Ligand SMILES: Cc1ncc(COP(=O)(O)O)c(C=O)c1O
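The chain below stands alone and is given as structure tokens, in the form predicted on its own.
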Amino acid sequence: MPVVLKWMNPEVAKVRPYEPGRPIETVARELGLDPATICKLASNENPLGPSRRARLAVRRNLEHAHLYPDGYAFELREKVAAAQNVKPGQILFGNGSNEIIEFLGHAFLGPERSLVVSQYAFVVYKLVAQMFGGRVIEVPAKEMGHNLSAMARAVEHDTSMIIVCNPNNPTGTLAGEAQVHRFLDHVPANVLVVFDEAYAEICLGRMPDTIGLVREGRPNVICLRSFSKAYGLAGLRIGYAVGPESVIQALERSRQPFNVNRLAQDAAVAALDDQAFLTRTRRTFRRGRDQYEEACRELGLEFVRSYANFILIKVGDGAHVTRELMKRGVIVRPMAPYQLPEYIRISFGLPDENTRCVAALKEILPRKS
């Protein structure tokens, strides 16, 4: 080990870096494939790409890319505040909602604090807690989703925060309005409840109105949203939080100046006006869910009913099936890092991409009677 690493933060040294879905270019190089023939169904991206309005906004403003962005994101802040019917001071922007999870770690986690999360929830929550020296209390899942009542009971004297991913990644399960309210009734007022709602705008079910709780003055609720899934801006990295002004101000302390770039802000402002695109996106994902559910029934495969833009399928050996699909130019996500080695997660693509993936699965997997 290089001598200089003796000074490395020991908590950070323990962290195993997050492994995202494999890029098309990497798979093409490794397997000798033409990148144009590969379809990536691994990272829950929007296969429609950015909306036309967002693309035009980026092109129009590209000539100003040499100027620093508005650090306060005034125009976008006003737009989101109006759309969500909250005050501008109740909003915080991040370089993707992932960055806001890190802000939460800076502000609310540490060596003498614990975080409550669900089994099979987004693994980054645990990585951030570990990085800040916090203790993770992982609550067993219920039917592959959050057991909210058990999560409320799991709160201990040092618990500073609970994170609820809804709809949940990677299982696609959804906690409804009544469940959320019962859960909050049993969470102490001094514990921050974070609803990570990256899939809210494309949810294939009825989303609970958690932002409404912020409007009503709930002091310990904060909601995270993303422009990656519904609006197709994953590559520009932009997300936001809506919460009590006191919590937002606490998170602002660790936010670096200019963390959200100028083009991301321009694209997000334009995307919010493109409701037709959002409708088309939801329709695409609903059709994708129908395609994969039908295929799973035909193949006799177990799957989890999803309310997001992906599906979790039990295939036996997830790593093997993932490798075989990659050889056929289809990238999906193996679920061993989520304690689900028998499963793969497939993002919903365009109809022809879904058809190709299903055909490949039929080649690889024996049909079950």
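All residue numbers are counted from 1 along the displayed sequence. Just so it is clear, the structure is predicted and the values come from calculations on it, not from any experiment.
Just so you know, the form predicted in complex with the named molecule exists too; it's not on screen, but the next bit is about it.
Contact with the named molecule in the model of the complex, defined as a heavy atom within 4.5 Å, is made by all three of 122, 165 and 229. Shown without its partner, this chain lists 208, 172, 96, 288 as candidates; in the model of the complex, only 96 has a non-hydrogen atom within 4.5 angstroms of the named molecule.
Within 4.5 Å of any heavy atom of the named molecule in the model of the complex lies no heavy atom of residue 91. The closest heavy atom approach of residue 202 to the named molecule in the model of the complex falls outside 4.5 Å.
Put simply, residue 237 is close to the named molecule in the model of the complex: some heavy atom of it is within 4.5 Å. Though the partner is left out of this view, residue 194 does not reach within 4.5 Å of the named molecule in the model of the complex, counting heavy atoms only. Residues placing heavy atoms within 4.5 Å of the named molecule in the model of the complex fall in a single listed stretch, namely 96 to 104, out of 245 to 253, 145 to 153, 96 to 104, 211 to 219.
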